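Given next are two forms of a protein chain, the same chain in both, each as C-alpha cells and marked structure 1 or structure 2.
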Structure 1
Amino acid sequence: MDSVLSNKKAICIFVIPTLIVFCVIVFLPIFMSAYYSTLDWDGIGKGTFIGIDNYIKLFSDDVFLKSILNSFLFAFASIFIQLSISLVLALILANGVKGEKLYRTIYFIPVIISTIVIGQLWTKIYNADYGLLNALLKSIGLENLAYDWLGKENTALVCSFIPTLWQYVGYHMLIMYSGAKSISDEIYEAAEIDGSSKINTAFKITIPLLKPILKVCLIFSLIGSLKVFDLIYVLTNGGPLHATEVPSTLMYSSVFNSYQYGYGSAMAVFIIIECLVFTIILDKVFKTE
C-alpha cells in the first residue's frame, strides 16, 4: 500500500477520472449558469449578451430583496430554534433514558418522509376550511382564533417555518446524538467523581467536545435554509403576495413561468456565492486549533 501511495502515476490514474467526472457534474453547470446570467435569454431563442445588467436588476428588485430577507429569517430560525431543540433532545437521549431507541426512531421518522408528502400533510393541517389546526381550535372553544394560516401575509411565513423545523430536528438530533455517544465514558466518570451535575457536565464537557459536530450541523442548517425550495413551493409557492418568497422559488418562477432564463441564472449564481461565502465564514469562525 505504501508503494502505491508514493507512486504519483498510480495516484493520477485513480484520481484524475473521478476529478474529471466531479468537475463535469459540479463545476460545469455553475460556469454555464454564470454565462447564462450575462444574457438576455428566454431559454429558447438566441440570447443577447448584456453583461452584468441581470445582476443590477437583481439588486434593484424589491421582491428579490424580500426573498433574501425571508431566507435569512429561515436560517435564523433553523440555527437558533431547530438546532437548539436538536441539541437538547440529543443530550437527553445520549444520557440514557428509558426507551432511547424508540424515541430516536420516532424523532427521525420525519427525515425519511418525502418533502412533498410533508408539504401536502401540513397544507391539510393549515387549511382554513377543513384543516386540523382550525378544527382543534374550534373543539376547545377558540373558534375566534381559527385562521387562513397559509393564505394571509402575516402568518404564512411563520407557518412555513414550522414544517421545515419539524422535518429536520430529528436529522440534526441524530448527528449530535452520535457525537455525544462517541465521547469516552471515562470522561463522564471523572466528572461524576468530581461531583459535577448532569447540566454542568453537558455545558462543560459534552457541548465543547461536540464543537466539530455542531459546526457540521450549523453549516448543513444554514446552507439548507438559504437554498430551501421544495417545501415552500408545495406549501405556498412563494405567496401570498410574495410573503414566503425565497431566492430559489423566485428563480424557478423567473425561469419556468416568466421565461427569463438569464435573470433566473443570475439568481442561481447569487445563491451559490451566498452559500459559499457563509460556509467560508462559518469555517473561519469554528476553525479548530
Structure 2
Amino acid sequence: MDSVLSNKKAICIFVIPTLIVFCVIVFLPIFMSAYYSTLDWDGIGKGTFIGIDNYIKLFSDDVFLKSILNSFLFAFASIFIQLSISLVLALILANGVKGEKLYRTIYFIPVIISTIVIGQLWTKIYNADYGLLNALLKSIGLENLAYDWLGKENTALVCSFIPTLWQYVGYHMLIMYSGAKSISDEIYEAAEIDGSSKINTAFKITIPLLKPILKVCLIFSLIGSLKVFDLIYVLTNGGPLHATEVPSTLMYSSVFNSYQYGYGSAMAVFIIIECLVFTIILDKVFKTE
C-alpha cells in the first residue's frame, strides 16, 4: 500500500502542473510587482531604477492618502453597519422563526449576483433625473430632497458604500447563522431552564461562542473593503473629483490610463502588504483574547 501511495512519478503528475500554473500566475507576479515598483516606467522600453522614490511619492500624494482613508471608512461601515445587521438577522433566523429557510434564501440572493450588475442597477437607482430613489422621495412629498446622489462630492462616498453593504449582508448573515446553528442544543436548554431570556442568551451564550466565526466575518469585511474595486469602478470610477477613490481604482487608472507602471505597482504592493498586515493583526488580537 505504502509503495502505491509514495509513487514518485504519480505525485509529480498530480502536483507539478498545478504548481507551475499557480506559481507563474499567482506568486511570480508579486515579485514582478515589487520589482516594477522600483522603476520609473511608462511601459514602453526599459524602466529606470529609482529605488523607493515611488513609495515616497505615494505617501505624499494627497489623492492616494484620501483613497486609503476612503477604504478605511468603507471598512468601518462594513464592520459596524453591515456586520451588525447580519448578526441581528442571523440570530433571529437561527432562533427558529416561521419561514426561516425562505428568508435565508432571499437574503442571500444579492450575494450571488455579479457586482457589475449590482453596480449598474444602483447607478439607475441613484440616477439624478429618473432614478428610483428620487422617484420614491417625490412620491412621499420630499421632492426637495431629490439629489444627484453619485454625482456630488458630499454624497457620492456614502452612496457608493450602500450597494456593497446591501450585497454582502446575506453572506455574513449566512456564515453567522451556520455558526449559531452548530451550537449544541443542550447549552440552550440549560439556559432556558435557568430562566435566561432570549436576548440574554444571545449576548451571554451565542455571541461568545460565535467568536471564531465573527473573526472570519471581520477579516473578510476588512480585507474586502481594503481591496474593493468592481463596485466603485462601475458606480463612480473614483469620482467625482476623487471623492470615492480607493487604492485599487487609483492603481488601475495610474497603470492603464496614465501609464505610470512603476507608480501603480507601488500601489499594488501597498495593497498586498496592507491586507497581510491587517490579517495578521486581527489573527493576533483574536488569539490573545
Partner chain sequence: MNNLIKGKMAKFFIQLFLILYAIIQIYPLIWMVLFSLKDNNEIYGGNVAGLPNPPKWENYTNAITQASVLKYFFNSAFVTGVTIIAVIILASMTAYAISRMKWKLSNATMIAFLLGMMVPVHAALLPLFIILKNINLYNTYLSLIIPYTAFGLPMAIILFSSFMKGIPRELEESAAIDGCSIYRIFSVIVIPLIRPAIATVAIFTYLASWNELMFAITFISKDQLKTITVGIMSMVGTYVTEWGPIGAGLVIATLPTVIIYVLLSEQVQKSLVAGAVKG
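Here, residue number means position along structure 1's sequence, counting from 1. The term rigid core refers to the most C-alpha atoms you can superpose between the two forms while keeping them within 1.5 Å. In this text the structure is predicted, and so the values were computed from the model without any measurement.
- Shown as structure 2 is the form predicted together with the partner chain, with the alternative form given as structure 1.
- Once the cores line up, the CA of F27 ends up 2 angstroms or more apart between the two structures.
- If you fit the rigid core between the two structures, you'll see the Cα of I273 move by less than 2 angstroms.
- The two forms, fitted on their core, place the C-alpha of C12 9.6 Å apart, compared between the two structures.
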